[in-house]
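Only one chain is shown below, in structure tokens, and it's the form predicted alone.
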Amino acid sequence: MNILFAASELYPLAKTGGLADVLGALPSALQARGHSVSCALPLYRHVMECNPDLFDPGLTLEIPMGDRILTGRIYQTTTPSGVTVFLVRRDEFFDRSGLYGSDLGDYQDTAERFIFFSKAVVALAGSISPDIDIIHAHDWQTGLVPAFARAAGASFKSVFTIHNLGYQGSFWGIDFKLCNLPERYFAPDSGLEHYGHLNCLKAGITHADQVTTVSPTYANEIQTPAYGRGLDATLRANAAKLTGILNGIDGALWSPATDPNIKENYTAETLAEGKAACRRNLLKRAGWPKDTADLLVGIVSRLDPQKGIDLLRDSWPELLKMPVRFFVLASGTPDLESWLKSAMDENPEKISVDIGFSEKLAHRFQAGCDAILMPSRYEPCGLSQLYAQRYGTLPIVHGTGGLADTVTDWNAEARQGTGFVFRPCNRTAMLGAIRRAIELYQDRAAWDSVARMAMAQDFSWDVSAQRTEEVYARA
């Protein structure tokens, strides 16, 4: 098949989160399986600055935007794995310091930016030779692509992936005029209108030929009022075309055997020695005793209500009494950032905090920590728990979404499991899981045995690519 991916992020060109990792890996996995794959991405300022020799094929698109006609120029580059990336240039929209906003919040013209990009993707698809069979759009930023394609009578089929239902691209109804679609499209059963707003995610769900999300459990959860974020009825109405497919991870990028970011490389056979060296390296960085017997727990996360980091704050008095220390790499809401900083100031022997994000440090945390904590209230798929198991680092997770699908709770009687799963999502249940982890950690031989079981799990993109092929065939 000839497949065009469309998204707002793609690693290594532009990244703020896991979406970029998916777009950096899944197209490559499909290309390796014999398909012709390309991607469409906005030409952000950062991409221009880091890639000064972009190829200009001389293609310009004329895009209607309300009562204006705007041009978009197409540039090309190639990912390290050989996938062609088409970059849509419109400096008015994308020549900015951030992908989605600044310190002041989201850009005021966010709706216009991604309506333009979505229209440009459909126009681009019509100019690619040989003809596109499938256009695969991701998240709300490209949620209008299936609607524009259907309205234009496009010959290709569309697949739409929901990475996080919490972000829907909901804008004032006045922005609908920028879509240049007939008025009938802005009605409750049309897919674009949602309580008077233009809802880009709802558009993708309704108008795509097939819909996927990033784990089987999340696909079921989002059809319920508790997790559906107001779109559960829409998802139930489209359940016949909804499939949950787990994300994979890049086994070359995330491999303790070859990772250049960590202190010492290791395999399942050399786990004890390798992790011990990586552990000492982290302890030295924090200024902690290199021979501490405390459980080292890592947190690599955004700081927002979804991620449940407030449970750590609320449990802090109890955690101070336990043989456990925390390494945190995170950024987000000011109140949680402030609490983390004050927690480190008051108890520097218990918690080491880095505000922001560092790819290298994320790798070091995965290799040097004993466990990774993910108390997410909901988690469509999650990647940190997949990376952790690859590195023999045991996840402590709330049993929701992709966390439930990828972490098997340790059963002491059966001597099986790959981590510690707690339910419900509250401080009592989380503390119980941490206590169970501490108890197992006292027996290092048993802990290492569980770590090796975790390392044996197959989270490769090839499995995800095969499931995605099946969805394309249904489309």
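Quick note: we count residues from 1 along the sequence shown, nothing fancier. What you see is a predicted model, and the numbers here were worked out from it, not measured in a lab.
We do not show the form predicted together with a small molecule, though everything after this point is about it.
When you look in the predicted complex, the only residue of D131, E359, D109, E318 with a non-hydrogen atom within 4.5 Å of the small molecule is E359.
A single residue from the set M374, C179, I262, A149 has any heavy atom within 4.5 angstroms of the small molecule in the predicted complex; that residue is M374. Although the partner is absent here, L329 sits close enough that one of its heavy atoms falls within 4.5 Å of the small molecule in the predicted complex. At a distance threshold of 4.5 angstroms between non-hydrogen atoms, R452 is out of contact with the small molecule in the predicted complex. In the predicted complex, the small molecule lies within 4.5 Å of some heavy atom of R302.
Taking the partner from elsewhere, K119 is found to have every heavy atom lying beyond 4.5 Å of the small molecule in the predicted complex. For the small molecule in the predicted complex, the listed stretch (119-127, 273-281, 383-391, 186-194) containing residues with heavy atoms inside 4.5 Å is 383-391.
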